[in-house]
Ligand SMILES: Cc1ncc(COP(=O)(O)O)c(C=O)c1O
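Just one chain follows, in the form predicted on its own, and it is written as structure tokens.
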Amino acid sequence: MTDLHLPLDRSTGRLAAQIAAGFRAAVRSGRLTAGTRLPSSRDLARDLDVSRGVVVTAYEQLTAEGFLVARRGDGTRVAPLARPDEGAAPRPDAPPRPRDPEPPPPYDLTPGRPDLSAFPRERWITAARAALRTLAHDALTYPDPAGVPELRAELAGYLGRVRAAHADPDRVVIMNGVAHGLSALLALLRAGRHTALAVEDPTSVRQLPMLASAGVRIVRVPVDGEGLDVAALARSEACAVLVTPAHQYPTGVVLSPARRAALIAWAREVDGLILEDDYDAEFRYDRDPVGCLQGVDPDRVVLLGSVSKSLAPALRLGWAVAPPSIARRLREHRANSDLGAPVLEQYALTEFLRGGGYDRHLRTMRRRYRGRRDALAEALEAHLPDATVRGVSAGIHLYVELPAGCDEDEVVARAAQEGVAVTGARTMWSAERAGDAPPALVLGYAGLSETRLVKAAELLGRAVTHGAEG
């Protein structure tokens, strides 16, 4: 191909040698990287206006020298061992060479990750095919910024049936996950009178930078055994609050009935807005599902959800169920910022919901996650008998308060030495409350088998014992 930039001086002859020299220089400079597929000898001969035999001779010479490899059915590629010279200066336009990824720890208990190996590939392919088979050509144009109408209708029905939401298609706006929905909502809040946003304390450290970057002032409100402290919220200046009432992250507390009523009363009294992150609502094990707050007062609550934990984060599909005025503004925001979500994935999810595939998948995952939760909780009781395990009723993580005297950072470091990746909880608390919070770990259990979770708990027990001794 001419874009390989192989200059030839036809007056000097030895064209095969010139082609070979050009390839060597490209590999040594880093312009051609290992694994790059080269054009066939016929195509390259046509592009360079030389005989095919000249290119074949050059390829054979480079293969013999180890610069190229040729396999039947795979063509000719730059050899895996071919590397740029150490002293070769990178091209100004060359992207930085990515580092080899670190190998994953043997026992990864990082929270917030579903079992990605359980993604229902065949059922999803079936749903996507069914959607594409009947999809009108006009549906492939720029989408409705609020989302595909069929998906909004299916979600409205699903959320009304499963989450007791007050949802109709006009209230539903499709977003690229909860984080995207929050970002868009905060942009609307900043443009209005809501300049301060209350968030739970503790909360996800990944979420705080995103919230702060939206330009609203963050107010931390304590969480206790009943959930968000609404009395403390009322004493703040915030008129908008972000809550996770179904399963608070990271403590796992479910917002109590009294606090739910008080929170709705607060919103009505101050003309406030509740942003309800429906975190972990799909996975409940030991109690009946708790209906969402949005169903209690749909004109004061925006319900945010996604398929990131139930299916996979890579899909980037979520939703906001909002009061009509906010839904309209979200739709305008999407129209002015990114023109809406990808269409084909929306139609595939529509078919997945309509055909019952989503319900069946959730039933399967609830059984699987419950078994893993039980295995980890029982193993922690055996190997960490002095620890207190919280948040077991739902979700895909446990909140484990360590025995008195443990150094949280030391335990995290020693666990890593044992091959167990765990997350400390201290950074999730505000500076004002972190000193009083007991040392704790947040353990995700979705991605490991029951046998491996038991072994991870054994190794973690060893790390905690050493941490206490230290």
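The numbering used is simple: start at 1 and walk along the sequence shown. Quantities reported herein were computed from a predicted structural model and do not represent experimental measurements.
The discussion below concerns the form predicted in complex with the named molecule, not included here.
Only one segment in the set 331 to 339, 203 to 211, 367 to 375, 265 to 273 has any non-hydrogen atom within 4.5 angstroms of the named molecule in the predicted complex, and it is 203 to 211. Annotation: in the predicted complex, residues 179, 249 and 306 each come within 4.5 Å of the named molecule through at least one heavy atom. Among 124, 358, 107, 279, the residue placing a heavy atom within 4.5 Å of the named molecule in the predicted complex is 279. Proximity to the named molecule in the predicted complex, taken as a non-hydrogen atom within 4.5 angstroms, holds for one residue of 190, 316, 77, 217, which is 316.
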